[in-house]
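Taking the form predicted on its own, here's one chain by itself in structure tokens.
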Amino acid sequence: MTKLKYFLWLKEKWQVFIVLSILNISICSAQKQTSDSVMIRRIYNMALTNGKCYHHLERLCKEAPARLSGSANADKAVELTFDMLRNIEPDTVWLQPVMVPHWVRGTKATCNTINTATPHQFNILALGGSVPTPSGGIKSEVIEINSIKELDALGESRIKGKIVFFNRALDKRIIDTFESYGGCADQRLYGADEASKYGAVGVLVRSLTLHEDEHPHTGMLIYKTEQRIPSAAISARDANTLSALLKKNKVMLDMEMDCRSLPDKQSYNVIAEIKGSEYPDEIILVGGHLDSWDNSEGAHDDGAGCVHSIEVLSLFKKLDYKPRRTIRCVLFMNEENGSKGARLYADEAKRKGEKHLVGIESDRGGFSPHGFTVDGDDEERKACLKTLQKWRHLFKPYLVHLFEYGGSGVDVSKLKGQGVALLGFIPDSQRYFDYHHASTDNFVNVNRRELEMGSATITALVYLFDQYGLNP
């Protein structure tokens, strides 16, 4: 055989080898994708026919409602969810001690007009962390504004001695209700602190909801100055009434609250994990926050996120799935008024040198799943989104389609800076702020199938991360 013939023969054989290799890779890839589709289908089937998240949520809401940090019901919730996780029989279940704020609402929150022809009583709730009114309440003129910036324009001469009424409503034109909420949250968080600089004696804040009902929606406020003044949420319906009265004449209010802060109290993060068989040092975290406000059962915020996270471990155990990486469920304490649980968890993870591959948080309610937002450190964030987009077709049959950059969650975000991809579960948001921080956030307002679809979606994503990591 001449050199030329040998070269041509070798070239032909090499080309055949390359084609066969490509075919073999394609066949293996197709087989693996089929295997993944089958496993994800099994996850959804199990969640929808034999899942426990709805039952777990009912127990949490009914046996430990109003789980504000430091309360007796927060203690009950720790015990209850610890037992739920232990009954699943993961490899480990433990409590992580953390000191948390202990604020109590008291028994009084009243607000009524004292100078109108027809007396009006308004539905209010103290904002979390608010100081009380003086004994006997505050009797003062009220002034309406729509933004913190308006305080500067009015100045001390117009504000001193008055109750400031922040009446900026959520923008109904914005489709993403979380974006609309974010556009108004500053008046609740910082309104009292800023108004106190101009001599205000109290603050009312329009409830952050799109539903114009009679229920006030509470939430945390932040004091930065020493001049602390009482602050309360007023229901959207009553905010409209008060605004209409102010358009006609001056309004004097009598406002009284007896909320107060007590010394910090020890509580716990509740943690459980299934150890990885191949990469036990790589942790996939899924979590929600165990505490809730004290005026409801805390069903959507964030009982749903807690039972979603518990269900991930439960479904894997029922399916006899042995993860390659460590799957860890974390129920954080004190997200609502301090995030002490999340801060301690992140600090401990850093101190121990733990490697979190992914952190997923469910804290947007138990509604129909739409997808996930991605945050985290730059390299991991980019790799994660690229990976999610490769998996989009696996979620298409379940109507899950959103994979984009965005915030993850208050709790898992504390891991930022530790080389972690952070994700936030996105359910449908149109009804969430009907219930958020209101007395209506109860078990009866959670749809079983929607909740179960959420748990299946999160579990399916955890499965894929467990199989392939961030760079499949």
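Start at 1 with the first residue shown and count on from there. Please read these numbers as outputs of a predicted model, since none were measured by experiment.
This protein has a second form, the form predicted in complex with a further copy of the same chain, left out of what is shown; the following refers to that one.
Although the partner is absent here, Asn146 sits far enough away that none of its heavy atoms falls within 4.5 Å of a further copy of the same chain in the predicted complex.
By the criterion of a heavy atom within 4.5 Å, Ile174 is counted among the residues contacting a further copy of the same chain in the predicted complex. At the 4.5 Å threshold, heavy atoms of Leu210 reach a further copy of the same chain in the predicted complex. When contacts are judged by a 4.5 Å heavy atom cut-off, Ser368 counts as touching a further copy of the same chain in the predicted complex. Considering a further copy of the same chain in the predicted complex, the lone stretch of 391 to 399, 287 to 295, 135 to 143, 307 to 315 in range is 391 to 399 [heavy atom distance within 4.5 Å]. Between a further copy of the same chain and the residues Gln418, Ser439, Ser37, Asn45, the one pair within 4.5 Å by heavy atoms in the predicted complex involves Asn45. At a distance of at most 4.5 angstroms from a further copy of the same chain in the predicted complex, all three residues Arg41, Thr49 and Arg449 contribute at least one non-hydrogen atom. Residues in 220 to 257 all lack a heavy atom within 4.5 Å of a further copy of the same chain in the predicted complex.
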